[in-house]
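To begin, one chain is listed below as structure tokens, in the form predicted on its own.
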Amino acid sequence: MARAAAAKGVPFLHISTDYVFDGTGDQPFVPGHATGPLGAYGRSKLKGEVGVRAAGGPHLILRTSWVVSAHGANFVKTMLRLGGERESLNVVADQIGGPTPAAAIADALLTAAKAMTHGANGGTHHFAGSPDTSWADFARAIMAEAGLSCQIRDIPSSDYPTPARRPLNSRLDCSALDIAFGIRRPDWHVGLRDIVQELRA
């Protein structure tokens, strides 16, 4: 797809992920930071980035994280379901990142696409919700927004083993996207409210 777009000079927009990084440290990753994916998902997304750049056409690679929506399977919908069934939940508290509403990603891509059709440069950028938080604190916000009494208990990642390693640090520095396109980090509190309202409707 990237090669076909390049052949016609059409800007190509590609969504990537914070999983291209190794998740070490406690500082936000900038677009130029060295990559080092921990698992197959991150490696496949990084390979996609390489392919898009190699196609040679105008492109925007948008790395994002913790995507949530009223549609499909994601953390918000899982927490709402479990929160309505249980009195308490154990949720990982040592993974930090920016929950990102899918609707905000779509808006960002549309804004960038319009700018690129008028000559703006693309490149590799980051886009994630603000402020950075832990999964546990995000879960608490979900319960509060939905009016659920389910209590959230903090646990370390070591107490919730998964087949694939997950990065502890998913913070993304999104300042370059703001400078290039005037696209600022969305407030995930607003996105969460919209998601809960849509699900209720």
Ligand SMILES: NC(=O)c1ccc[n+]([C@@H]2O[C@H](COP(=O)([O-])OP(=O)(O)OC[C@H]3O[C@@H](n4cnc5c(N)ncnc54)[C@H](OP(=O)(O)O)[C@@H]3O)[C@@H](O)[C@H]2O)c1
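When you see a residue number, it is the position in the sequence shown, counting from 1. Everything numeric in this text was worked out from a predicted model, so none of it was measured.
Just so you know, the form predicted in complex with this ligand exists too; it's not on screen, but the next bit is about it.
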When this ligand is placed as it is in the model of the complex, which of 66-74, 142-150, 32-40, 51-59 ends up with heavy atoms within 4.5 Å of it? 66-74
Does Ile15 reach this ligand in the model of the complex if we count a contact as any heavy atom within 4.5 Å? yes
Within 4.5 Å, heavy atoms only: does Lys45 come near this ligand in the model of the complex? yes
